[in-house]
Each structure stands twice: as structure tokens, then as C-alpha cells.
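Only one chain is included here, represented as C-alpha cells and corresponding to the form predicted on its own.
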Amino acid sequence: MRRVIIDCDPGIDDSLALMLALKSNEIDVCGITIVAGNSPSDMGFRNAKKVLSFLGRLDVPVYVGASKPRVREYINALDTHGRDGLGESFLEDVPNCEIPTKTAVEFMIEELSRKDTSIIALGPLTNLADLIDVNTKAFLSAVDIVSMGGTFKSHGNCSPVAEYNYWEDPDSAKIVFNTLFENGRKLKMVGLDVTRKIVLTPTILEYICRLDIKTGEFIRKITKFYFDFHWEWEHIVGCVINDPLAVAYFIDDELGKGFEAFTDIEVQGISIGQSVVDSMNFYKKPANSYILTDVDVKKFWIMFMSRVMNIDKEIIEKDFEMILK
């Protein structure tokens, strides 16, 4: 099993990603760290606990990190994720749930220094940049770093060119990418080019409910607001679930394909938050990223549904053409 810290900002799709991660035997989630992003960090902490409670996994520790971006004013995404950050499902808080005094960065340093551990970052990269400030060696000891963020050729979701996580805290994203460049390391960027292909449709949701009513109704409850948002703003029948793809790709890198490139992040002006991917090697700089451009949608859904519902994948494969319509 590969040990991993999941750094996230729950968030509807973060919650689905946590469900996939904690239902997958290939990885050991040694802890969850929370960053301000989709929801404020204290709300993200409570939401993570709600998901863990549903899964019966309150043994997984949760730590809180940055409550705002490094430079910019904090702008949450509750217009997308609902007033409670979980689609206005208003699930009950987990009792006796207090934020630990140990911070996300302190936890990361302990775990990264102890054993081979990777990081899956599903939100803004503020916690990772703070980790670099405090202990660059610990950051660089991460075996793999997978980030759901950025975009290469697909349009942005916060501006014509910027994806939310990097737009929310471009200064931290720039620090992370630059630190990797300076040390000959690469981040695996799972951006909008591939996540936009992962759409939870009404048919898929109904199929999940038919096969596992408990899990299905939980997903239905937290995604209804997301469905409505996507219809209003993008005229999509369904909702794009970005973050689970980053977890799925970490588990099985045959799910996606892409290319290596030098990537930098714009921190000001009209293009703030843009992930500038040097695909043509104009800068002649060594690659600091692997950019996903293609994804096996069928393989993703078979993985996600069979694991989250605990159902034999052969059943999903047999029904796949029907449920993808």
C-alpha cells in the first residue's frame, strides 16, 4: 500500500475523492489536511469529518492548515458547493469534533520525514507552499505529488484561462512549481483538460442508487446543488467531479496520459492563476510537471463505482454502455 496525505478543501468533489481513496486497498490515507478553498478551512474540517463518519473511518486524522491564500484575498466557492460546502445537504456535524492543535504543516513534516509518503493535493496549494517555507526537505521527500488544478488547453472555470485552485492562490502554486523546478522534481497536474470529461450524469447517479441505496442517496444529497449549478452556468446535464480523478490517477497511472513540460503560474493581471504550460519548450527549461491531456473515462467510472459501492467491477463493465448514455 502506498502511503498518502490528502490535502483538500471539502467541497463536494473533494468528498467524493475521499470516498474513493478510503475505499481503495492500494493506498493508505495516513491523514487528511485541510486548506481554505471551496469552503473555509473550519468548514472543510467539519465536512471531512462528516464524510469519514459516513464511511466509518473516523480513525483517519484530520488537520487544519491555511485559512487564507498567501497574498490574495480569500474567495470561497460556496456559490458552487452550497452554503455548507456540501451541496446544502446540511448533514449533522460529528459530535465532539474539535480542530486539533497540531497544524496541517506540522503533520505533513512528521509523516513525510517518517516513511515513504506521497501527497494528493485537491485544493489550493497554500499548505504545500507553507510546508516549503518551514521545511523544504520534508516537501521534497514526498514520493509523488499529484495536484488537481490548472488547465492546459481547456478554458478556465474562474476566468477564461484559470482553474479555481490555482486562481485562488496563484502565489503558492508558483512557489510549489518553482521549488520542484529548482530541485529537478515533477508535479503531476490533473487539470481541467481531463477532469471536464468526468461527468456524473443523472443516469450514472440513478444506477449507483439502484445498486447501493445508502451510498447512492448520500451522493445524491451532496451533489444536487452541484447538478443545479452546472446546468445554470455550463448547461451540463450532470456535474463535473474533478477531484476523484486525481485520486484515481494516483492509484492507477494508466488511467491518464500526457506529457512533461516546464510550467509556471501567473500571479497578477488579467491572467492571474493561469497555468502556463511550455508545451513547445520555448523557455528551454527542464520539466517540472507532467500534464495530463487524456483520460480513460470508462476505466475511471468502473474504478469509482465498483469501489465506492463495493460491487464487483464485472457488473459495472457489463452495464457500462447503458449507464454512460
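Computed from a predicted structure; not experimentally measured. Residue indices: 1-based, along the sequence shown.
As for the form predicted in complex with ligand BDR, it is not shown, yet the points below apply to it.
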Listed residue (47, 38, 275, 289) with a non-hydrogen atom within 4.5 angstroms of ligand BDR in the model of the complex: 38
One residue of 157, 223, 215, 151 in contact with ligand BDR, assessed in the model of the complex (non-hydrogen atom, 4.5 angstroms): 157
Proximity of residue 107 to ligand BDR in the model of the complex, heavy atoms at 4.5 Å: no
Ligand BDR contact at residue 169 in the model of the complex, heavy atom, 4.5 Å: no
Residue contact check: residue 120 to ligand BDR in the model of the complex, 4.5 Å heavy atom: no
Ligand BDR contact in the model of the complex: residue 164, any heavy atom under 4.5 Å: yes
Stretch in contact in the model of the complex with ligand BDR, which is absent here, among 176 to 184, 85 to 93, 241 to 249, 132 to 140 (heavy atoms within 4.5 Å): 241 to 249
Residues of stretch 1 to 17 in contact with ligand BDR in the model of the complex (4.5 Å, non-hydrogen atom): 9, 13, 14
